[in-house]
Structures are given as structure tokens and as C-alpha cells.
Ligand SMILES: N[C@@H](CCC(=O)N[C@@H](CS)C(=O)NCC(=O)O)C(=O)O
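Just one chain follows, in the form predicted alone, and it is written as C-alpha cells.
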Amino acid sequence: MALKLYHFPNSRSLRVLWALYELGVEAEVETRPFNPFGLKGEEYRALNPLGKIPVFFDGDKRIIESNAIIEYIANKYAGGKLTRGPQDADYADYLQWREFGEAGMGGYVGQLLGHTVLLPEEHRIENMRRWAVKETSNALDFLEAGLGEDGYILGAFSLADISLGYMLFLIKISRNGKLLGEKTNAYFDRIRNREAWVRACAVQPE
């Protein structure tokens, strides 16, 4: 086994590092400072031709989608820990929420982040920000309705929470935490107090 993650703090590689710690799977982690120009350079494009984050290797096998990486690690190296399978009653819910944390929310949250904090002010578009607020709020309402009063999205912690939790983190750092409902705020508090989350967030470039 020769697992390696290229990690950039606060980026989607945080999902993968967090999952590695939750699953107890050992991997080499090369932590780099986030530099959007560096991602487009020849050296990094040799690792990930898209110039995006993350990139993970299992020997010569390269995987670049964060939710695919965590599912792969869990099933191949952790005996399916934190996943669900067709034999489980909540399998459909697991698949839906794991994908919702990226496919259902990522586009809106990305625009929210960009037009609130990431882009230079002269490049931000107010109408895009308002649209992103509306669509992110709609997604958060769906999540709020799906949460119980305590525990995680399926009751017990799973990879679905890693998918969703990272997206809530992005909303928080975009300074739009007020969009989260009461149950969702409490849910994120439970997530960010997990030992593996705290440990993953503490990893910084040397």
C-alpha cells in the first residue's frame, strides 16, 4: 500500500484528510500552501491535469474527486467503515446525502464564497451573490428538514457527514453562517468538535 494525499488547507483535500483520520488509515500527506497560480503550473498539472484540488494516489492509481476518494479509502482499506451498502435500510439516504454535500450544494456555495470573499471586490457581482444566497438557503432548508435534534444525518456518523460538513465549513468561512438553521448549526458544532476534524484542520504546511 502506497497511499499519498496532496493536501491544501481549507480546500476539498480537507475532506480526504479528515476521512483518513476518522477511518484510521495511514497515508503519506504532503501539505502545501494554497496558491491558485501554482495549481496551473506544469509540476502540479502532472499530478492533477485539471489543476484542481484534491489529488490522491494509491500507487499509480490517481483519484481527483474528494467524495470518490473517501468512499474508495473506506471500502478498500477500512472494511467499509462509515459507509452503507445495499443491505442497509438507509443505503439510499446515505448515497443521497453523501452526494448532496457536493453535487447538491457545491456549485451554489462556490459562487457564494467567490462573490463574498474570494474574488477581488472589483470582480464580485452582487446579483450573483444574491442568487447564490438564495440557492444556498434553499439547499440548507432541505438539510435542516432532514436533520434530527441530535446525532448526525443518518443518526450514526458516516462519510455523508464528511461530505456535508465540509460544505457547511465553506459557508461559515464565507461569512454566511447566518444562513444555517438552528438544527444545522448544532449539527456543524458536533462535527467541528470531532477529534479527527480538529486534527485535520490543524495540519498546515511547514
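Because the structure is predicted, anything quoted here is derived from the model rather than measured. The first residue of the shown sequence is 1; numbering continues from there.
Below, we turn to the form predicted in complex with the ligand, even though it does not appear here.
**Student:** Give a yes/no on whether Glu144 approaches the ligand to within 4.5 Å in the predicted bound form, heavy atoms considered.
**Tutor:** Glu144 lies outside the contact set for the ligand.
**Student:** Classify Ser11 as contacting or not contacting the ligand in the predicted bound form by the rule of any non-hydrogen atom within 4.5 angstroms, answering yes or no.
**Tutor:** Yes, Ser11 sits close enough to the ligand in the predicted bound form that at least one of its heavy atoms falls within 4.5 Å.
**Student:** Verify the contact flag for Tyr166: yes if a non-hydrogen atom of it lies within 4.5 Å of a non-hydrogen atom of the ligand in the predicted bound form, no if not.
**Tutor:** So Tyr166 counts as contacting the ligand.
**Student:** Is there a heavy atom of Ser66 lying 4.5 Å or less from a heavy atom of the ligand in the predicted bound form?
**Tutor:** Taking the distances in the predicted bound form, the answer for Ser66 is yes, it comes within 4.5 Å of the ligand.
**Student:** Could you tell me which of 29-37, 135-143, 150-158, 174-182 sits within 4.5 Å of the ligand in the predicted bound form, going by non-hydrogen atoms?
**Tutor:** Answer to the contact question: 29-37.
**Student:** Heavy atoms within 4.5 Å of the ligand in the predicted bound form is the criterion; list the residues of 46-73 that meet it.
**Tutor:** Residues within 4.5 Å: Gly51, Lys52, Ile53, Pro54, Ile64, Glu65, Ser66.
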